[in-house]
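One chain comes next, on its own, written out as structure tokens in the form predicted alone.
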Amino acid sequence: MKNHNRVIVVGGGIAGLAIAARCAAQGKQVTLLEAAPQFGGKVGEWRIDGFRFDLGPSLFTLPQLLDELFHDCGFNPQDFYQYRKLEVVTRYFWEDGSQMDAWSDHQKLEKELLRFSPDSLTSVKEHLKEAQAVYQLTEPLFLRRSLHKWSTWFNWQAFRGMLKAGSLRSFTSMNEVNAARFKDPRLAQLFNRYATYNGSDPYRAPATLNLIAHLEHDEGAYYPVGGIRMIAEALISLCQRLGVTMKANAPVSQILTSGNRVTGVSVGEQVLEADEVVCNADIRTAYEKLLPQLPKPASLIKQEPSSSALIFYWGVKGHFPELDLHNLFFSDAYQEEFQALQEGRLFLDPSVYVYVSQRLNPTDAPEGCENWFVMVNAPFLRPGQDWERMKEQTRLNILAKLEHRLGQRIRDKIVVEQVLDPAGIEQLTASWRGALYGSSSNSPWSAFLRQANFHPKVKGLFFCGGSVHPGGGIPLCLLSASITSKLMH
């Protein structure tokens, strides 16, 4: 390996920042190109009239992966960011008037379960124990290594994993397992929701994804001081300290190849040469726009896009003590909600997620106000959808649901409003059809065999980010960068 390989990273999202830092720490000459005015991808923020909103991700798990990145690059994480563990991960609301706090402290959670659903304590313990076992089995093999290299499969960890493959329940849906385990349908619904963490449908996604519950309830959920945006700011600072050349407002028009090698990229009429190129753009968008000279993988074309989101950013006048940092108001017809998404529709009674970062970061809203990030799951973009009508109707449905549950009129208290729909997500982040996580995980194959972190025929061309292996969300994007850097090194 050359001492100063020229590396170009296309896309400055979380994985792009992480891979740029890792390559620079290895002594490579790194240029990071981002089409948008700021780095961070979906981990952006919006400020207006004294309100601050995290634009995308609102939950932070597995902070040790972020710490690991900084340590690997030779820095102390605490010099760049701070975070705190949440006491209550999520506050849940049901239409029958019931409510439950998911405490991170197991003793408090057990007390809450005894109050909420006395017959369910044993089944919840069993569920979390099984989720932990699945995570411990899959983490070193499926999350830490490329699944597209033969060396991954010819070792003791892989052999052990194959011996216990039945415990992964890859060919049983999440809902089948959860509905059979919990007598209380509200708890089955609660644990089904974890499929949405990677844009999937719990009635089709494999039960293996139940391991996500372990991350929240056993590993814990955290909040970065200053907001989720601080993760991106910390990574930007890390790249700057490592000497990465960072260029925003620099949209790459094509990744260039010659024969079976990558040669660089074009930015407008300028050609930048490179020995290696890492594409952090959405993989489908990359093949459609940045790699028109290469055939699209057949598996990529067949994969179903993940769900998207419809988000209302509301600056609300008043204080609502009923709300915590993370809140979820469940639909009364959960399966019908996912059926609607599958058909490209927004359900009339959607589950509504409300994130109020002002709870832990008081400066995110003016005195006497709160900043509400209000989100419902939405279908990816398809021909024939009338999004203006869908947004207007869904806004009214959300307001009716929240006003009924919180017992007061909210619509008159909204003083700031911004809306982000799947078309806006596609425009802001180049996510194919507005899909938040690339492909869904609605089958065992799509869950475990996402697109590889390298091109099988073009030397020097690599891929990282939420649309390739191992998946979407901040922790998996960090792991994607780690896997890719090892392949390059």
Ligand SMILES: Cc1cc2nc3c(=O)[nH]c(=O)nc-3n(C[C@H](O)[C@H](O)[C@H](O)COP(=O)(O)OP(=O)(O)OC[C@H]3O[C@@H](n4cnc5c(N)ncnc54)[C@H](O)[C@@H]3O)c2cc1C
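Quick note: we count residues from 1 along the sequence shown, nothing fancier. Because the structure is predicted, anything quoted here is derived from the model rather than measured.
Keep in mind that the form predicted together with the ligand is not shown, yet the notes after this line are about it.
In short, of 45 to 53, 64 to 72, 28 to 36, 453 to 461 it is 28 to 36 that has heavy atoms within 4.5 Å of the ligand in the predicted bound form. Residue 325 falls outside the set of residues with a heavy atom inside 4.5 Å of the ligand in the predicted bound form. Proximity of residue 378 to the ligand in the predicted bound form falls outside the 4.5 Å heavy atom cutoff. In the predicted bound form, at least one heavy atom of residue 250 sits within 4.5 Å of the ligand. Residue 137 falls outside the set of residues with a heavy atom inside 4.5 Å of the ligand in the predicted bound form.
The contact with the ligand in the predicted bound form, taken as any heavy atom within 4.5 Å, belongs to 309 out of 399, 133, 333, 309. The three marked residues, 10, 290 and 472, each reach the ligand in the predicted bound form, with a heavy atom inside 4.5 Å. Taking the ligand as it sits in the predicted bound form, the stretch 427 to 442 comes within 4.5 angstroms of it through a non-hydrogen atom at 428, 429, 430, 431, 436, 437.
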